[in-house]
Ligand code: HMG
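Before any questions on binding or motion, here is one chain by itself as structure tokens, the form predicted alone.
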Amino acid sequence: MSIDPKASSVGIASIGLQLPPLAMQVEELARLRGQEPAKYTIGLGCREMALCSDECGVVELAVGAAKRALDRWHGDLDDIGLIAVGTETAVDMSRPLSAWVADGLGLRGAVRSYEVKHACYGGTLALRQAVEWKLAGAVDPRSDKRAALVIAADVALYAEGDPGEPTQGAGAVALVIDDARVASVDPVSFPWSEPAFDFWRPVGEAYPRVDGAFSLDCYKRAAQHCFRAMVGDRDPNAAIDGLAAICFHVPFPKMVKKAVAQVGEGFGWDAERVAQIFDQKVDPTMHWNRLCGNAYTASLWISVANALRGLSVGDRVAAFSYGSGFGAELLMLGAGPDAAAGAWAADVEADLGQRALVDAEAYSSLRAS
């Protein structure tokens, strides 16, 4: 299939990330909950949980990531014609999170502004809408330089003692959608959805409800459908070997590993081939995810940001997005000329270097505040 040259030039022009100022090693949580640390470190594949302080929440994460993306972009704030924030950490049932972010940035005027909700899939939907908005030419006719600002930001917090507690995390990724300096986003993608109650949070409840086993089954099934559609009539080995990296939404790393196994089973791969794909193309993309935990909508895009750095122009990356409820989509990206430098890695390095690790007692106090 040939891609319109105009389409191949639209994509991610700049990336910014923001992680919160606190974190806790999952071994500390295991001590607090009376569990064997290996249950979290090996059973789930988790390492550290990013935690927000009283001064840092989803708004501050989103604004911080956006400022970093805009600072390293070659355009101006006045060039932004759309701001869309994907989140499931809404701070209001009516006013969109994008309004708080726009206020923090001083962004106003002829700008389309809104929030996208579909569990962890919301950030990807915002990105797709921004790419399609750009390709459709639905921009200010007085300027051909209008761009979109897409942000995926969340704080994942579970009830104390909940099985999901060790997977907690937080973070934000901001993407300027314009010329594909960092990565092109193929206009053709591969969605799959089925209505399901695998993870949900009723209005008025502080913490989500999760059917863990069912959610894992939905996630694996969605991955299998999406990757099968992407491969189509091609040899699956050749299709996968042509990818420099394969990124997944990361609720926790072991969940991703199980999904890769199911995808491989569908392609008729043996355990050795599945392990090869996971070790070479999937596992390295989750390094930052292991240090921040599940950041819901931002989780996939933290993985993508990690995978893109150091790539050569034209290297291909697959990005599998999943949101409970459920909706999923597999996107294809092509590395641009700014991917090799990976300037956005400085955001993560700075945040990791400055954040404080809390112990079990401090964590309990934080939860009680």
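Don't overthink the numbering: it's just position in the shown sequence, from 1. In this text, all values refer to a predicted model and were calculated from it rather than measured experimentally.
Omitted from view is the form predicted together with the named molecule, to which the following refers.
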item	value
Full three-residue contact with the named molecule in the predicted complex, heavy atom 4.5 Å, for Ala130, Asp186 and Trp301	no
Of Ala99, Leu135, Val210, Leu157, the one that lies within 4.5 Å of the named molecule in the predicted complex (heavy atoms)	Val210
4.5 Å heavy atom contact, Ala119 and the named molecule in the predicted complex	yes
4.5 Å heavy atom contact, Phe248 to the named molecule in the predicted complex	no
Contact flag, Gly43 vs the named molecule in the predicted complex, heavy atom cut 4.5 Å	yes
4.5 Å heavy atom contact, Glu88 and the named molecule in the predicted complex	yes
Residue stretch of 65-73, 31-39, 306-314, 52-60 approaching the named molecule in the predicted complex, non-hydrogen atom distance within 4.5 Å	31-39
Residues from 275-309 in contact with the named molecule (non-hydrogen atom within 4.5 Å) in the predicted complex	Asn294, Tyr296
